Ligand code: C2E
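Form predicted on its own, single chain, as structure tokens, below.
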Amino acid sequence: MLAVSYDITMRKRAESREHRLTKLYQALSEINQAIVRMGQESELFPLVCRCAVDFGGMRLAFVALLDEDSGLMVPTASYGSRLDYLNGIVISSRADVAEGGGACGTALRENRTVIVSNYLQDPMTLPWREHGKDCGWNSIAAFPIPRNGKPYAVLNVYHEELNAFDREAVSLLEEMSKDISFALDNFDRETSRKAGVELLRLAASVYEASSEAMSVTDADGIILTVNPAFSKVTGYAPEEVIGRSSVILSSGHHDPAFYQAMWEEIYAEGYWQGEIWDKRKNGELYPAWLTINTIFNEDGSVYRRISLFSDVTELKKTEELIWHQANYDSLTGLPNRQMFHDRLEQEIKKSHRANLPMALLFLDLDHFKEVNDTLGHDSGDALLKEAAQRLTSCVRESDTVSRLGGDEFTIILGELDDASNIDRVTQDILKKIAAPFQLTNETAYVTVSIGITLYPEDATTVDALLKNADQAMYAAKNKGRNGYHYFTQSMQQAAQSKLLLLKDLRKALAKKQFRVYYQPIVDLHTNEIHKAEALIRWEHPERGLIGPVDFISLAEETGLIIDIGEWVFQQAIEQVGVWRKTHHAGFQISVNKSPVQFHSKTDKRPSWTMHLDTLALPGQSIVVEITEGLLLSTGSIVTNRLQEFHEAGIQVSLDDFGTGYSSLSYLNKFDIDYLKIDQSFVRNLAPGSSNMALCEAIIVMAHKLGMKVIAEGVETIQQRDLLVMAGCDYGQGFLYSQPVPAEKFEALLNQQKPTAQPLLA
């Protein structure tokens, strides 16, 4: 996840940087073009400020002129947000006063660019920091604008990002200030000329000094002149192109329709701008950002066409990289969720046109979490990369394999001539994924569950198809994993029923519809009941009594389990306080605690130990039941909370032992007081059976580690007797009682010693 987060951060930084540079290129281009057309000096500084903000991405730009009498820098043009910042501002050009030590005064005095990368921290901003601290600026830059070689003005730009001005950005802004300086010099030299002559001379200065390639052609496209940047970009010396047609630069990359559309716009508007592929002298093709402007004679005929262009090769490479990162999974190289949606939309259209079905497969790797938890995320990543290759090898080149995230993949099988190919592909996938994964020094085994839905038989939209395939995949999971399942309408009905149930579940706690039932945990050697497990039931007003198997998973998925689990705990500790007084001073109630409750970072309620202290109950009155999977989460939250229970005297019971990813290492690492043998082992207990051997092994191991053993699902006398012979400590099951409300449980306690027969039906 750290690698993914780093990739995302770097991509965002690259996007932000390229965005800033693109805007600055555009601002420079706009200023250059405007200078060529500009007739009044008074238009220059307002234009520069506006372009810096509108096209250059700045928050505020202003030009400060030197007042030689006072030595102060006076803002003469400004544009952007928080212009009130400039009201009454004092900026000096003198080095011996604090107001002269800022970026603006220093840039003018020393005739150099001054960059402040952190407005709120740099000492240069101290005289104005209090006034500007809430303006949202983080970086500023000042660029001197000399006039006739003497200090004259400073262009000041403010940006909202820290470190906004890197080398390339500074270079572009310096180029902008040079162009402004050239323009000012030309205004001074040409003040005696007419406006038209003055404009042409200014254009010539900019033309020669600009970093953008420029060429001037006549009405027939014959090149009349080029600037130095033209030769730098194209490789052609002026004498090699002057007098020749501009088609010398044509790359052949575009079709005739492209050029026809371009010239139609030029003829109609006198202007065109866009991306075009051109050819250098050495034959190399390159992308350029081209602007063509037309100068007309007084009679409306074409006098000249001026072309301005720049090589955007590096910008294109960066854009392509960003696009790839946005559309492809960085780990596997497969299309990601965004690209998958685009591909699925296209395949739907193709299938519709061809009148052929299409299949969408939703795949989820079985037991992948165990690989991550036991072998580490590096091994998990290696397995995912190998799994992606195996999946790709099972389909045609025209099909799409995508990774949605985690261990979830999708496959689009488009335009199916023979629907039987779906089963063939699916069987091939099951076989290849089930093969061992060699991960450095370890071998891992996973399988895959696959859900399949068809277009247009099952659905006709992207969202509906994806939902159907997801439901079918969960059906494959429920069938035992390592298989596939086709979507059926009954799944849709089940999903709708689930939504309705969830809607009611959200209101059940507030409407007091939950009940706590208790099932006795019997000492197999004394036949006494000093323990019970608290089990929740939902008394639905329409559906009747609903067991936890039908709603606990929903509560965990939505986070409702946090409030529900807390309510069960409160009921249990109030009840255990009663039974410790009326029945046995050491009575215990076991309370299940979901992994979601353990991992919750938003639950700010008092801890369970604090609740026990409030009721003056010792920690031993409660046993917390957890699942094996929780112990695989080696994070500090789980470890710290288990340690908190241990220090408070609250015992911990490991539920359903033997059914999960059992590991002796975590039994030794954590303080576990009870192991509960899962009822699947107890159900088929018989002398000499494998289940009997497993139960005996679990009991011996637990006792060696200092733990007590509780057998779940005890329903017959034979099961009880075999467990007693094996040394099991406690039994729980229908032989003794079903889970019952507190008042019926009282009857069990009043009998003192339950018989071998079920006490309550």
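Quick note: we count residues from 1 along the sequence shown, nothing fancier. As the structure is a computational prediction, the values presented were derived from the model and not from experiment.
The form predicted together with the named molecule is left out here; the points below concern that form.
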**Asked** So in the model of the complex, does Gln679 come within 4.5 Å of the named molecule, heavy atom to heavy atom?
**Response** yes
**Asp67, heavy atom within 4.5 angstroms of the named molecule in the model of the complex** = no
**Prompt:** Any of the heavy atoms of Ile561 lying within 4.5 Å of the named molecule in the model of the complex?
**Reply:** yes
**Prompt:** At the 4.5 Å heavy atom threshold, is Ala686 in contact with the named molecule in the model of the complex?
**Reply:** no
**Region of this chain that lies against the named molecule in the model of the complex, out of 55-63, 697-705, 42-50, 731-739 [heavy atom, 4.5 Å]** = 731-739
**Message:** Looking at Leu545, Val549, Leu126, Ala585 here, can you tell me which has any non-hydrogen atom within 4.5 angstroms of the named molecule in the model of the complex?
**Reply:** Val549
**Fill in**
With the partner omitted here, the residue among Asp364, Glu628, Asp399, Glu625 that in the model of the complex has a heavy atom within 4.5 Å of the named molecule is Glu625
**Message:** For the stretch 527-549, I need every residue with any heavy atom inside 4.5 Å of the named molecule in the model of the complex, listed N to C.
**Reply:** Glu533, Ala534, Leu535, Ile536, Arg537, Pro548, Val549
